[in-house]
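Before any questions on how it binds or moves, here is one chain, the form predicted alone, in structure tokens.
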């Protein structure tokens, strides 16, 4: 049986926990002055690819479009997935791309990796929240798209994938649909996805690949390939700002909300302070209506 080749497209995203995101005058993100990390949804997609490696012995290639600093994010992804190859698509002409122009670069980048059976992506990016890049990349690649996937299994003999995905219909949430499709497919992983390793052999392989991932990530640059627009044969009319139909008119900072609550430090050893706290709790509970 032929091995399974998988790719994961990931994204360098602002670390919103730092509370400091910088923008350029034209409304694009200033990554040089913003702390960036592997996006949380990208990390989930990377873990989903690792499942294919543990259970099916899949080869994993991880690709991203971004500036040179995105190398560290690819290292994070390799640590999660034990990726065999890392790809960085980096060129000044890519700057300012919207989701469609980004999908064009990723499509060209995935094709540069070779023939892929499954391409994984996260559900969305925390700095965009559109959820468009995955489906658009699948469309450009000509792959069957499966979104909101929470579980999947691969039939190596029939070269098919059976997946469970969340579907919303007419206000009804969390319907689980089971679907089967022939390879190749593009899978956008739902945030609720969790890998399940049910056998002893799978758990042993999981531990083995984790150790290998740690060693690989320490020397990640030997697995890294960097390509520019010419090398991935991207159409200059379809990438960067020139290939982006979306126009950012204006970016406004969200003002930090004013604190409306006050905190009081209580000395746990002071019995009088404890009595006051208990009295306040009783007063609050007495006004509650429990249905």
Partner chain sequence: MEKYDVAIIGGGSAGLAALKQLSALGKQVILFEAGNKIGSKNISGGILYSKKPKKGKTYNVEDIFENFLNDAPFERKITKYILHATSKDKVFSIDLTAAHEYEANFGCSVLMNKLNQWFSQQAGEAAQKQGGGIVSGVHVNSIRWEGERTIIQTDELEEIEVKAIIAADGVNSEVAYMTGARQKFSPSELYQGVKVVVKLPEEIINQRFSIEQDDGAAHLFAGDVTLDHIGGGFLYTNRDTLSLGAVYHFDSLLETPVEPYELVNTLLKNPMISEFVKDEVPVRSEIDKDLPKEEQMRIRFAVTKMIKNWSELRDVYYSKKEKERLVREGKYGSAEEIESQLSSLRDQMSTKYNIKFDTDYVEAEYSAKLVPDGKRCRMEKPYFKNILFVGDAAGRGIFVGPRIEGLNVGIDDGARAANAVARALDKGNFANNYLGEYYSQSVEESPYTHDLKAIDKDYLKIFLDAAKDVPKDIISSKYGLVVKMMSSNTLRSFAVGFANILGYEKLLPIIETVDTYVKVPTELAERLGKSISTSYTPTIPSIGQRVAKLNFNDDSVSHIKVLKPTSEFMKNMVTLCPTKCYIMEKEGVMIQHEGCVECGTCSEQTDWKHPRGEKGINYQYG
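For clarity, every value in this text was computed on a predicted model and none was experimentally measured. Numbering follows the first chain given and starts at 1.
What follows is about the form predicted in complex with its partner chain, which we do not show.
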| item | value |
| --- | --- |
| Listed range touching its partner chain, judged in the model of the complex by heavy atoms within 4.5 Å, from 193 to 201, 159 to 167, 93 to 101, 72 to 80 | 193 to 201 |
| In the model of the complex, the residue from 177, 207, 153, 85 that sits within 4.5 Å of its partner chain by heavy atoms | 207 |
| Touches its partner chain in the model of the complex: residue 211 (any heavy atom, 4.5 Å) | yes |
